[in-house]
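Structure 1 and structure 2, given next as structure tokens, are two forms of the same protein chain, each shown alone.
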Structure 1
Amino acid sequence: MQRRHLMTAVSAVLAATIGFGSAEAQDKPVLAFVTNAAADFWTIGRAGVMAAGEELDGYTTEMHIVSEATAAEQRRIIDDLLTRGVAGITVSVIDPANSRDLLNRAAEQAVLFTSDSDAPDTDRMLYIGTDNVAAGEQAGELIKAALPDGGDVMLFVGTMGAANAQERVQGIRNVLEGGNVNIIDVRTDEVDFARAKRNVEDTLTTYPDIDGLVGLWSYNTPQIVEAVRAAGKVGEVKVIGFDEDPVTLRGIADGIVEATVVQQPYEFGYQSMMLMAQALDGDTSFIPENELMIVPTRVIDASNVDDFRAELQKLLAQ
């Protein structure tokens, strides 16, 4: 969406919200966040959404966790939100290519942001989240450091249809290209945790001498940890992950996982709610020309995992 259209879109949303005749509209306007998976990652995001709700006297905030990681399930949730006349929606898009019409329709009726996984070819106002190519490059550097003599690695992710998966893989390839680390393949699981674990088990069986396993979504690394431990491969295969699942962090402390690239899902949730409210209140000056608000990532390894776990517990206790 071009900047000159932003105020027009916000005005239309405000008019629709004021004119919506149901009991929902007679209460506070609703700001909703729609996830791309049912994972512990979003427990942290929910804390941010709820914290914003405590601060926003004029709005109600909601978190909607998909029951299955499909574009159809996201469509069902977003359709329901639009029927209710919510004022703002932030969504971590599962399948941007096949969700364009839905998202553009949502942008006509509500303030629409994306977070975590973008859909840049839509009329969303703003993406709040990680630069996933850069995060993939961080992971690529961790892989190189873990395998200084090179080797073979396998990547694991939910679906390659999501922008964040594509971009993380691209970032890793950017760093590893021309080097001595070879990516055998990228195995997907459609956010089926049992299948995710089987993918790792099958890899360890098919490639018994594999050097590295890389989890790209929050639940992938915990499945790698469990499979590596069950196979008696602790210390024999290097594990690099994404996000701050408790199993991943414990894996770092136990020496199973080398490091993980963590995002800030709390900020995804909190900033999405606060800035949608700001846009609805008539101020869109925070939106940069490129319509991207990048939240930085961090690398967590044995040197800082204990401090990070303490930070996380404090954040979730708020």
Structure 2
Amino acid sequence: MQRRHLMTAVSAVLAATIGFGSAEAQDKPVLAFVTNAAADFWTIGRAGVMAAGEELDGYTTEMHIVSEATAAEQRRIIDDLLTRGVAGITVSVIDPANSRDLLNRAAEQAVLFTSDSDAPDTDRMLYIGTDNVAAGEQAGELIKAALPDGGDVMLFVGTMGAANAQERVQGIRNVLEGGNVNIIDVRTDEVDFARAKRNVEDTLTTYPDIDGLVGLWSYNTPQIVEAVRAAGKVGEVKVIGFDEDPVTLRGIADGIVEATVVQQPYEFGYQSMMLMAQALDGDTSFIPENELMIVPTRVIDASNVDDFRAELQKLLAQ
């Protein structure tokens, strides 16, 4: 008897959920953005996605956060979206090598873009995002400028499995190769903030004379800032970062961080939604030969950090 009650309850909930979902889907075609993690970066991206949603009369836009940052969770979300029959999906691909079949299937059923993290071997229509190698090279130049006399640097990132991590490292290596700046190693932390911080602490103790620290993912630089401040090494060690975490920006203002290379996630979200809608309306003339649409990265340093912060606040306030 009890089991039957439970079954009834579960099916009622399921029916309600499905009904809710499909009712929504029936209204307007849905354009979805699937992230690769939960981060402030995507909070800005969400602003772009939502702004596009306001502008597009014929479409509803959605943001799906892959909070566990695992390929499995991302796969499940994409599967669900396809089952619901969405019109367009933009994905920041977590595991490009092993997601080909899924993405190709998605490309068959809907308009498929990639953004931020690409999967070039698939049938996706367009990649909108950063050229991470170029961004890495930009950071490499910043390192060179910060360490004119050369020295040792350590890189920090969540996991080297991600394409953007590999590409940024590649870009940095491209620039530093043959120069007098030596990369000791890349430390990974599996997106555990405490581990990220202890990696920096341990680096500062193991290599007391280290000259530079580079944070490749958005939370790495804040952890570097905290650890450097706690170790009393402000000024002794140069910090270069990526992305626009408030602590990173404050670090620039306070002179702890030299500079940070920022992407434009707002543009990722906004452009992907607008262009998917355009493609669905039959116009694909905007797609270039190489199917890549690069949104350039910017360098934020002491000279422009205040303006950038104001700009950011405006975006997030929307």
Partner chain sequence: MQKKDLGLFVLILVVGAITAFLNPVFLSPVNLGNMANLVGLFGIFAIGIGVVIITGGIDLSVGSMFALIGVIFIDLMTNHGMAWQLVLPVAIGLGICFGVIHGVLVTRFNMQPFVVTLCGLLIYRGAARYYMNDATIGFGYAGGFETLEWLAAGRSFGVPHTFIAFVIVAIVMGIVLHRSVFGRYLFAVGKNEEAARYSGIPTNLVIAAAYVISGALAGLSAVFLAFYTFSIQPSAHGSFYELYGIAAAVLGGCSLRGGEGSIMGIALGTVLLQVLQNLVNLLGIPTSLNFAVMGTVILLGVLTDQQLQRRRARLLAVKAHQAKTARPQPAGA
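The first residue in the sequence of structure 1 is number 1, and each one after it adds one. Only the largest set of C-alpha atoms that superpose within 1.5 Å between the two forms is called the rigid core. Note that the coordinates shown come from a computational prediction; the quantities given were computed from them, not determined experimentally.
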- [ ] Pick out the form predicted together with its partner chain: structure 1 or structure 2.
- [x] 2
Task: Residue shift check between the two structures, rigid core fit, residue 118 Cα at least 2 Å - done: no
Open item on the list: So, superposing on the core, is the move of residue 192 at the CA at least 2 angstroms between the two structures?
Closed with: yes
